[in-house]
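Before any questions on binding or motion, here is one chain by itself as structure tokens, the form predicted alone.
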Amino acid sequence: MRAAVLRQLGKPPGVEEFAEPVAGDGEVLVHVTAAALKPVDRQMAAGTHYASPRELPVLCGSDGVGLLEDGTRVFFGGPRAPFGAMAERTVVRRAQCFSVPAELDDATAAAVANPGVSAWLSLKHSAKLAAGETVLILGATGVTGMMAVQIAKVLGAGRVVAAGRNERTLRALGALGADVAIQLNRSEQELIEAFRNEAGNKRFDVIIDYLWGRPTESLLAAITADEFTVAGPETRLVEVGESAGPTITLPAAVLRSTALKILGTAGIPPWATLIEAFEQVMKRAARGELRIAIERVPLADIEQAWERNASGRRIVVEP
């Protein structure tokens, strides 16, 4: 069968013939119809992710949509190594296959699942967003950030502030539910003032951070009090990504002057929580409540697509 084969960390995969998968106990064969190319796939292939492969070759792709031998259409995740989703066929545990609404086409279902579930869990499970609260999405112009803007509104956020670097995408976020947009490509002091103005209008209850690095430092400077104040409700900052930098400088004054709680997203949530998030995302996407821009590419073009910056879109590989 044809597949996207990774033979060297740090290099794009190439399309080659690879051995056919054989299902074992509790496993099923999946005839793949669509697999999303996600940042985590690139990170694992680059060797920069903690779950990067230790033995090569492997097939790329961690999830997708396809048909079981009996014709059942499913979304699947976690193919058994060395197999992957970017192949004509793969093998996974049956328990890791989930039904897909008939209203969703394969490419959209493959594209929306990962960013949608990630954003849903960050907002509801980690941040415990309550109706009426103000949410700041830091990194709102990425695919998952755009999904987070929409899901925040779906979950009842009273106000959503979108901060991002892509000016064109940022302008379009109002149609997805953003009430305010903050352009991050400005001087540090201008950025601090922009965050301060929005926090002053109504404090941020929840911050979903896909960037870290300099933008987060500017945000923390903006919400740091410069005088003694009466303690208020907590601001919950959920750290999800590091596309602007892997580290920050965290002054003690930030934590001593504000009711700030910094949370991570490590570990897999309880299975029931994960399933609920998946079902909600799929249901809302099928209704048109969640939208995602996609770019379809054939498996044969994976090497070129791997290096492409599909800003605001999710590349979907079709074997």
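Quick caveat, the model's predicted, so the values are computed rather than measured. Sequential numbering from 1, following the sequence displayed.
Not pictured, yet referred to below: the form predicted in complex with a small molecule.
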Practice problem: Considering the small molecule in the predicted bound form, find the one stretch among 70-78, 96-104, 112-120, 152-160 with heavy atoms no farther than 4.5 Å from it. | Solution: 112-120
Quiz item: Just to confirm, residue 82 within 4.5 Å of the small molecule in the predicted bound form by heavy atoms?
Solution: no
Quiz prompt | residue 244, heavy atom within 4.5 angstroms of the small molecule in the predicted bound form | solution = yes
Quiz item: Taking heavy atoms only, is residue 39 within 4.5 angstroms of the small molecule in the predicted bound form?
Solution: yes
Exercise. Although the small molecule is absent from this view, report whether residue 224 comes within 4.5 Å of it in the predicted bound form, heavy atoms only.
Key: no
Exercise. Work out which of 89, 236, 165, 196 lies within 4.5 Å of the small molecule in the predicted bound form, going by heavy atoms.
Key: 165
Exercise. State the residue from 173, 182, 206, 240 whose non-hydrogen atoms include one within 4.5 Å of the small molecule in the predicted bound form.
Key: 240
